[in-house]
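Here's a solo chain for you in structure tokens, the form predicted alone.
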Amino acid sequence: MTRQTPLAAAPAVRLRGVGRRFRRTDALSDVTLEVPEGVVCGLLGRNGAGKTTLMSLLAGHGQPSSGSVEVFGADPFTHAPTTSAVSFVRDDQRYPDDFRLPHLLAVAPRFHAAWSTERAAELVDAFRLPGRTDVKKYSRGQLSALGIVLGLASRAPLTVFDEPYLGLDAGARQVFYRQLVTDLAEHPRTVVVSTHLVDEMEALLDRVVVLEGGRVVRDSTVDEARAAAYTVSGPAAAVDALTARLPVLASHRLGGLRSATVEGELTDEVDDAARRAGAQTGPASLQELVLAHGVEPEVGVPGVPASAAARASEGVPA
């Protein structure tokens, strides 16, 4: 399931030097980025990296402590028409206790001028959402499906999803991906989506923004991100020697074997040197690239930040 990458366009989102401080904590620091119109942008990073804070600013749910936020050329916090052009579905979205699905579908068009009643009905059927159950009694997966219905049916020029798949099984996630592709083909718009399921969504993304500690550590097209790093794996001694003077982002060791994620282009020379040393090389996946950011250096191996290995082996999400 893939999408055709759109041509370059004017920015739908522009942030310049954005900081957001909560008491003594900086949730965002000096964030500068642009998201062109008509693209799907993956907002990636570990829990607490600042993703939800950034999305809230895009939706006009707050003001930055410093810097500027523009959505379609205006401040979403002060410009009401811009606020109405954004649909932000949070992972912890709350609804009135006595609301059922028909209530939400009746209210939603008041907030989104391009709302599609027909599309909403199609999505409700696709996810088999119950109409006679109080929304507060929905399961975690049903709440996520409801958020997807509201986000896609809004037809908002900027649609923002915060972890939209929580609680959805593999089949339901595939429904979401198919519905997203179908909807964007018929009604192109800009989508920003935060996700930990990088491998599943990679084919749907045009751009990626990786946050770590409230800062942007990568902002590029997906193709540029894929070409930004590679892996070297094999006997630990060989990998250590091959990567000793290289910018190693993360390292994983299992017994006498090691795998290192290296920032840079995988060249024929690098590949040949690895083969001669009895090691292997390959392009780093987008998931590996995300996992590689924000790790601490491994004691005793100069230049190799490798607590990512332990975290990855323990199943810690990106």
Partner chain sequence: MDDGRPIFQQIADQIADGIAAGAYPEGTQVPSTTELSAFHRINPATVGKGVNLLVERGLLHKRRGLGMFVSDGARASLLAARTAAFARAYVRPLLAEARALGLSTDDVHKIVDETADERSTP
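Residue numbers count along the first chain shown, from 1. Just so we're clear, the structure is a prediction, and the values are computed from it rather than from any experiment.
There is another form of the same protein, the form predicted in complex with the partner chain; it is not shown, and what comes next is about it.
- Of the candidate stretches 169-177, 121-129, 231-239, 209-217, only 169-177 has residues with heavy atoms within 4.5 Å of the partner chain in the predicted bound form.
- Contact annotation: of the candidates G264, G48, G278, P283, the single residue with a non-hydrogen atom within 4.5 angstroms of the partner chain in the predicted bound form is P283.
- With the partner omitted from this view, the residue of L184, L101, L246, L197 that lies near the partner chain in the predicted bound form is L184 [heavy atom within 4.5 Å].
- For the chain shown alone, V35 is not a contact residue for the partner chain in the predicted bound form, no non-hydrogen atom being within 4.5 angstroms.
- In the predicted bound form, the partner chain lies within 4.5 Å of some heavy atom of E202.
- In the predicted bound form, V40 approaches the partner chain with a heavy atom inside 4.5 Å.
- Using a 4.5 Å cut-off on any heavy atom, the residues of 219-234 that reach the partner chain in the predicted bound form are, in sequence order, D223, R226.
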